[in-house]
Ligand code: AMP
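In the block that follows, a single chain appears as structure tokens, in the form predicted on its own.
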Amino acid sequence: MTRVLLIGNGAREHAIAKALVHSGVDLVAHMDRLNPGIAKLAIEVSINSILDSRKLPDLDGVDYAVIGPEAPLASGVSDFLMNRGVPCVAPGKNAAMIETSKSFARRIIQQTFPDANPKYSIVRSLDDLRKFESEVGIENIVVKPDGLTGGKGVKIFGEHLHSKMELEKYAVDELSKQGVVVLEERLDGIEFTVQAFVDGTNLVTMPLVRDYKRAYDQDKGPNTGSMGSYSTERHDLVYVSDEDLSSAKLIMQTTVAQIKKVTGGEYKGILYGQFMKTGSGLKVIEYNARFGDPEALNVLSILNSSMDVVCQQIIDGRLTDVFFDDLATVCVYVVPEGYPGPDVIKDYPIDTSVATSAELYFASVYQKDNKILTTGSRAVGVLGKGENVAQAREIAYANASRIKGKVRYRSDIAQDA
């Protein structure tokens, strides 16, 4: 029996765990905080820091590892494992810089597909910052800290920053922390994301997923990790043409090749490309070096190929076709009341026992005295599957409404599908 180490404890990792166990592996789970869904699937559970390689469980008998979140990639956990003979479905620390360093990502794209970059500047001083201001105008600037910020670091003038003084203060603060900050010209257009399995050379894309970042209905309120998502039974999105998808795949393919050229290491694992269709062509907004959340829930719930076989093909560098069921999916995130604000309800029990006809993926929750409690972030991804989006949506919402506790959810996920 194949023995797999899974690192991470969110809904994304719950989805990976389900897919792995469904394909027949023995799962060893290593988590910061006990995810009750993953714990039920694993034959062995370790609760400790996922950033500290010294805290990993016994690696004896582990055939390979899958790393879910970005923080362990940034800290070099995959390199630690590979140096000890445990292959990883995850890039090494240097290759993962395509996500963990915005300046590295822009340089890689500039070397391969410069037209896919917005106007940008890698800034190391206030003089650099003001030079870019004069080139594009203060009102057109997006400030991006170079390193990981938990999805909360990007600030847009006019939305998060409302004056030249405020923008410069934020940029200088980030400069003092990391020594570099990336400024980009704000883009207008239609966004879409492409997720792909990558074996170092070959790249196989997954069904397209549309997600909803804003906290409230009609796309109002602050950005969140995502309040929900959908995929269609055709695995497409009406606003993404075949040409768009081919162009995005080509950009991602050349990115993978250039990472190897620059770092000397192969990129193996998942690559997530966020793109925008603009008047001047397709642009890369950012890359992630792992599955999206909730996008992982949508695609892995309809995976028809063996996840174990796919993972081993990635490790061996012989990735072939990956198949998915012709089903639509809709994911609705149930979150604590007050999320994502400062008055969010924390440490409050929720009851998911009556949500029976959908798949549930536990996210930022924990278990105590046989109760599931919220932490203040997204709690449960409720996923419905059907022959079309309307059918999947009905299942997802019927079950989201049955979850009891001080929780809420958006009511318009996939309404525009």
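One rule holds for the numbers: they count along the sequence shown, beginning at 1. If you're wondering where the values come from, they're calculated on a predicted model, not measured in any experiment.
The same protein also exists as the form predicted in complex with the named molecule; that form is not shown, yet it is the one meant from here on.
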property	result
Contact of residue 285 with the named molecule in the predicted complex (heavy atom, 4.5 Å)	yes
Contact flag, residue 274 vs the named molecule in the predicted complex, heavy atom cut 4.5 Å	yes
Partner proximity in the predicted complex: residue 184 to the named molecule, non-hydrogen atom cutoff 4.5 Å	yes
Residue contact check: residue 191 to the named molecule in the predicted complex, 4.5 Å heavy atom	yes
The named molecule: the contacting residue among 154, 204, 302, 180 in the predicted complex [heavy atom, 4.5 Å]	154
Heavy atom within 4.5 Å of the named molecule in the predicted complex - the one residue of 136, 142, 327, 240 that qualifies	142
Region of this chain that lies against the named molecule in the predicted complex, out of 164 to 172, 142 to 150, 241 to 249, 311 to 319 [heavy atom, 4.5 Å]	142 to 150
